[in-house]
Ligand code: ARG
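Single chain ahead, by itself, as structure tokens, in the form predicted alone.
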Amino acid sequence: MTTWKGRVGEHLDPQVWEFLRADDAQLLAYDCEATAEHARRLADAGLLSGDELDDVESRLAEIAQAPEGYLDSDEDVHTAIERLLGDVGRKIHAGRSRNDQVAAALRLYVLDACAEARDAIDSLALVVLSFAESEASTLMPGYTHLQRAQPITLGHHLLAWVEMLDRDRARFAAAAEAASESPLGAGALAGSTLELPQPPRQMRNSIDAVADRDFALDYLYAATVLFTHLSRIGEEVVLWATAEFGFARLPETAATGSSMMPQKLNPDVAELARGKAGTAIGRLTGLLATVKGLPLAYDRDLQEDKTPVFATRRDVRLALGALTVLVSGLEVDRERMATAASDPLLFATDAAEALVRKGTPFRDAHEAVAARVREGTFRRPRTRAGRPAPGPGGIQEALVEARRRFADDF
């Protein structure tokens, strides 16, 4: 079914039809929700009877559960809904266009996707927090340039993962806020002569309402930054699980083997999470390129907004779930970490700062210690191994504060 056959008739070439059809079945439930809201506005304006509204709401509840493939004869979910509503469906499009209809459905989809992402981030972060609590005192070397730098604790290092995830939650919250405005009432671009009630949080400009995809970009941006963080976490797991580092052992519930080498246990979850970052970046830049030159208001190019959003939601859900399993099953080799953290050179900064406490200018202290390192005569100073997390209470306070943030959010 199409909604415009009155103008074109039955002359559309099958190849053109196949090219134009939207792969938007994932919007079905969200379009039903938006259509129910529009039906209530029509009823309030006296354009639908009470019985017709009851019929519409009942049918929409059934349509929202339609099985996959059920809509293949329709151009998109919007025309499918109108067809499946039967006779009353011929009334339902009064006062709206597919332009504001699809914008409303996609906004509802993004709202749901943001909530789903935040829940999944929370699950991963809480697993990381539990891991950090159990390893709060486990010594390990901290790195810069992937070279051993200073001694830290594994708990402190894991809290850096939590901070990244916390910022990711905030970005998805901001994307949800951007998606929460309503384009209903904008019509094709200039509203309608029908006097319908104004929806809550209606967008201020009808042209912008149908053309705007900033909310979708905000969602993709939040997901892209999330994947850059998951990539960094994945990279560290990959390194720690190597024989060269030997800091962690992979759980068999979140690792794979080799088709040829019987001994292998591969960090595929971490590697694929790392690889998905490139895909996420591509989707974000792809939609940016699509919208950058579009004249106002609506253009069919915007049909391309759905594929990256749909695919990204799936990747976010699966990656966060798999990484939660992986992190929860990691086994730490504390002895190997402690041995690496006992490298005397990790205490060179402590030696320089000890000289500073005695009145030596820092640059002179730095050069004096560097000279001893270069000559091979540097010895570890008498100083406490490891460092507390920044803050008056050290790592324990940092752990409590991080857990409080996540508990307060849910």
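Just so it is clear, the structure is predicted and the values come from calculations on it, not from any experiment. One-based numbering along the sequence shown.
Separately, the form predicted in complex with arginine exists; it is not shown, and the next lines address it.
Kindly indicate whether Val102, Arg300 and Lys306 are, all three, within 4.5 angstroms of arginine in the predicted bound form, using heavy atoms. Yes: Val102, Arg300 and Lys306 each sit within 4.5 Å of arginine in the predicted bound form.
Candidate from Arg107, Arg98, His156, Arg169 lying within 4.5 Å of arginine in the predicted bound form - any heavy atom: Here the answer is residue option Arg98.
Note which of Glu135, Asp76, Asp212, Asp218 lies within 4.5 Å of arginine in the predicted bound form, where distance is taken over heavy atoms; exactly one does. If I apply the 4.5 Å criterion carefully, the residue I get is Asp76.
Please tell me whether any heavy atom belonging to Ala22 falls inside 4.5 Å of a heavy atom of arginine, as the geometry stands in the predicted bound form. Yes, Ala22 is a contact residue.
Sort through 268 to 276, 228 to 236, 147 to 155, 292 to 300 and report the only stretch with a non-hydrogen atom within 4.5 Å of arginine in the predicted bound form. Of the stretches listed, the one contacting the partner is 292 to 300.
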